[in-house]
Structure formats: C-alpha cells, structure tokens
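Just one chain is shown here, as structure tokens, and it is the form predicted on its own.
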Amino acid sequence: MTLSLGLTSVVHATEGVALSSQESASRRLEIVAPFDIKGADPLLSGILFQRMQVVETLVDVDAKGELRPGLATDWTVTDDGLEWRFTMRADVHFHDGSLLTAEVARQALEIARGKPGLLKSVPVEEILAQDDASTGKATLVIHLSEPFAALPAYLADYRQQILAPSAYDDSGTALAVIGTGPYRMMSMSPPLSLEVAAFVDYWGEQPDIRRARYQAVSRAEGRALMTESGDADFTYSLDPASRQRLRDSPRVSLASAPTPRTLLLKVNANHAAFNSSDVRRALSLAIDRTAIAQVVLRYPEGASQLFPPMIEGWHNAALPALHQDVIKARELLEADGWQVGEDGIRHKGDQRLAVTLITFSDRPELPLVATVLERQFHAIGIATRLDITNFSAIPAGHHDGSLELALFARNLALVPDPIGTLLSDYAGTVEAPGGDWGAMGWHDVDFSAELARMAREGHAASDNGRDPRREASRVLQDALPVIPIAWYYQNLAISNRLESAQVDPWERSFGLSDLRWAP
C-alpha cells in the first residue's frame, strides 16, 4: 500500500549559531497530548512508548506507508508461504545493556501471542530462534500452519514491540519499558507523565534532542494554554477553537496532516431498529457531513466512504458517495414501520426510537460532533441521549451488548496493511462478530471468508482488473455496520524553539529523533 500524502513539515529558522552541546543536552522538550499513561505493558500504552521512540518492532513503516527494516534487517518467505525468516539486526542493545538476540525476540513475540491482540489471530505454528555465537548472525524463524501474507505488517504493530527479558515478570506482564529505541525511559508517573533521555548506545544515529517529557492533558483548552504560555513545545491533537486561538501566536507554528483514521459511528445491529440496513442507511442519510467537516472540524470535506483517499487500493473512487438526504431518511424509517408520534419521536408498536450515543473527550472534537448528530437524528424522529464518558465504555458496551451507538475515530492502518484492522473489526463468527471498534451484531460469512483469504494470499488486483480491496470497501458501504462521518486530520502546534518538525501521518512517532533545537 502506498500513502499518497507525505509528511507535513514545519521548518523554522535555519540560520544563526547552533546551540552548544552543553546547552542542547540540558534543554528538555515538552510534549503535551491527551492520552493517559495506563502502565508499562505494551497492551496498555505501547503505542505511546512507540511514539516516544523508546521501543521498536521487527518491522517498521516509512513515511509512505511502506514496510521497511526495523530490528529485522530483511525477511524472506518460502514458496509455500509457511516459513518466514527474519534476519536480526546486529549489535543492538536494550536500555539495560543486554543484547538483542533472536531468542530474546522470540520470547517477546511469544508473550505477545499469549495476550489479546492481532498476533493471537495469526496461524503461527512455532517460533524458533537461530543464534550463531561464532558469527553473531541471528535469525528468527516463524512457521505457520497456513500461509499468511500479512505477517510482516502484523509485526510492525506496536503490540509486537520487542522488550528486554528484564522488562517482564514471571507471568509475562511488562513492569518496565526497556526497549531498544533512540530514547530510554527515565521516569514514568501514570497516568500523567513520563520522561526520556537519549540512549547513548543506540544502534542508529544519535538524536539532537537529548531529553523530553510527555504530559497527558485531557482538556483541549488546557493544552492550548500550555502552548500559548510556552510550557509546551510540541502539542498534539488540537481542537478547532484552539487552532483558531493559536493561529496568531508568535510562539508556535501550526501543522496539520491527513491520517488513515476515520471519524465514524458504530451501530449496534442487534438493536431492534438498527438490525435493518435501511434504518442504518436512514441514520447515514440524516448526517450533514459537509457541515460537520467544515463548520465543526474545520476540515475541507466529510467522508464519502470508510477509507480516505490516502489509503490507496482500499479507497474505492467508484462508490456512490455517502451524503445527506433527510426526506429519503424519513421515507426509509416509515417503510420500516417507524411512525412519528405526538412527541415528534418515532414509534413502532410499543417501542420508542430513543437511543444513547456514547463518546469521550480524549479527542476534543468528539463531543462537538456528537452534539450535532443528536440534532440531525432528531430531525428524522430519533431521540438521542449523549453519554460523554471514558473511551473504555465502548468496548465494555460492545461485550455486554448494552451499546447502541458510539462515536470515535478509528485508525484503519494501525497494522500498516489495513487487512489487519478489517479482520479484527469486521470478521469473526456468528456468535462473535466484529471487534470492539468495529461491527456489532453484523456478520457476513462470505465477507469474513474473503478477508481471511486476502490476509492469507495477499490482495493484489488480478490481471482482469478486479481488486478485492475495492470490493471489500463496497460491501461495507452497502451494509453500513459503521457509518463514516469524516476523514481525520492530525493538528499540532510546534514551538518556534524547534526546527525540522514533522507530522507522522501513520501516528507511530512524535518524530523526536528528527527534531532539532532552533538556533
């Protein structure tokens, strides 16, 4: 897959006298973002440790979304697709001084396989370590019970980060973050802060920024105030009001970049109303995506389908665009038996069409969009109660069946190959369809089988031009197990004390090792 939009760069002053090495070493970069630190284990906050460049994976991703070497320098697969061989990078040390070997990587992946996550679904038969002490050559060998072409992309996922053996307790729970990245953990105070310092024995280039602190600040206005006062150098996830407020600030520059993340509405298809695809379509037709995008989010456009254009192959330009048509939405509801009552809300028999929409404020735009959706659904006779709560209420409601509607932004390329997200979100069994952040109560046997085939055999377009990725997008557009609203943009404020700042569209890194102090 190719990411069609590259990095957005913000370059400040380039002339002047560089800081002395002593000045550079003593300065600390301040990063502010809304994400709490939940603990040392990769399952809890591994994505944050990856963004802070403390941990690394066997396979990495470049700015265009292509796989590239990480802790493995190369990899091969046999013709039958059952044996993968990963050559381990030599002379790599963990932050505790221990050496990376194939056996250490094997142990880390075995621990990851034993926990909830994508690797658990890969048909791994065994993982073998081949460490040759005489030559120093190390190879990790993964045997599969059936081919799985997406394996390298799965190994780039943050949950497959390689930690030192001393990071884990006897049960395999990570109690410390001891990785191989250009920065090592100095201190961590969940849920609010952590501090890192440059790792002098890093196998790659030494970073210019030697110290950095991450602070979790949940409220968007709080992050904006810290930016405005100079207490934050790198502010992540700005809301529209904060962007407007900081636009004329002499302290910062603003940066924005599209990401492979879509703002969407998760719909419980087990609900008495939403088990009808026509009612789900009525919900979709009630949404004015253009107004939400341009007025609320200050984005150029809403989402016409699940995958944004930047995810080439999966975005299907031939699909009819999702749009607003309130009259058609009302017709669909009435045809399904939902009639407007005296209170303006629709009823079918004794059932009133009143639902709860769950969302959370970690991403500041979500409550704003939820408020607009409440009004737009009311216009077609659906009463919507908003529940602004913790994000964990969404997977909890998915599992106990209580969730009706949920609003969130889903990263469709958490695994660089979106087939990983599709498998976890929209495949499964009749008894357990979909995932926490995907379909609920919706299951298509043929679609699940096709996703499994694509993960196993690959998904390149055939000689006759048939592209299974575009067909998968069409199935989701027709059934609407989730309803896309807007394609996501990541918005940041970057201090003028910095130069060479970049927005990583894949959200894998804050780019610390590429930053420099401005002269």
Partner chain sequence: MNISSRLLQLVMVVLMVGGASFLMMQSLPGDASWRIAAGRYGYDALDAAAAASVRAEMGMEASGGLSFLYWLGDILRLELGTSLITGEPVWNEIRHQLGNSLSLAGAALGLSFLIGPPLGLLAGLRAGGLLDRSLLAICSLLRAIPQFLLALVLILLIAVEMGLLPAAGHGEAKHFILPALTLALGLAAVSARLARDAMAAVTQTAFHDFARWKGLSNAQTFWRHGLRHVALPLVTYLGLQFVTLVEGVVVIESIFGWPGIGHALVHAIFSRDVPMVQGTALVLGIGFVVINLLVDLLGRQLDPRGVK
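A quick note: this is a predicted structure, and the numbers were derived from the prediction, not measured. Between two forms, the rigid core is defined as the largest C-alpha subset superposing within 1.5 Å. Positions refer to the first chain, counted from 1.
There is another form of the same protein, the form predicted in complex with its partner chain; it is not shown, and what comes next is about it.
Asker: Which one of these stretches, 84-92, 144-152, 244-252, 308-316, sits within 4.5 Å of its partner chain in the predicted complex when only heavy atoms are counted?
Answerer: Contact-bearing stretch, as computed: 244-252.
Asker: Please state whether all three residues Ser26, Val55 and Pro258 have a non-hydrogen atom within 4.5 angstroms of its partner chain in the predicted complex.
Answerer: Checked in the predicted complex: no contact with its partner chain for any of the three.
Asker: Flag Lys38 as yes or no: does it have a non-hydrogen atom within 4.5 angstroms of any non-hydrogen atom of its partner chain in the predicted complex?
Answerer: Flag for Lys38 set to yes.
Asker: Test of understanding: in the predicted complex, would His399 fall inside 4.5 Å of its partner chain by heavy atoms?
Answerer: So His399 counts as contacting its partner chain.
Asker: Mark Arg219 yes when one of its heavy atoms lies within 4.5 Å of a heavy atom of its partner chain in the predicted complex, and no otherwise.
Answerer: Although its partner chain is absent here, Arg219 would touch it in the predicted complex, with heavy atoms inside 4.5 Å.
Asker: With the partner left out of view, is Glu331 within 4.5 angstroms of its partner chain in the predicted complex by any non-hydrogen atom?
Answerer: Contact check for Glu331: no, nothing within 4.5 Å of its partner chain in the predicted complex.
Asker: Work out which of Trp75, Tyr236, Tyr158, Tyr202 lies within 4.5 Å of its partner chain in the predicted complex, going by heavy atoms.
Answerer: Going through each option in turn, the one that passes is Tyr158.
Asker: If the cut-off is 4.5 angstroms on heavy atoms, which of these, Pro367, Gly136, Pro116, Pro165, is the one near its partner chain in the predicted complex?
Answerer: Contact check passes for Pro116.
Asker: Sequence order please: the residues of 205-234 with a heavy atom within 4.5 Å of its partner chain in the predicted complex.
Answerer: Heavy-atom contacts within 4.5 Å come from Arg213, Gln215, Arg219, Leu225, Met226, Glu228, Ser229, Asp231.
Asker: Rigid core superposed, CA of Ala406 - does it shift 2 Å or more between this form and the one not shown?
Answerer: Superposed on the core, Ala406 moves its C-alpha 2 Å or more between this form and the one not shown.
Asker: Taking the rigid core as the reference frame, tell me whether Phe360 has a CA displacement of 2 angstroms or more between this form and the one not shown.
Answerer: Yes; Phe360 is a residue whose C-alpha shifts (by 2 Å or more) between this form and the one not shown when the cores are overlaid.
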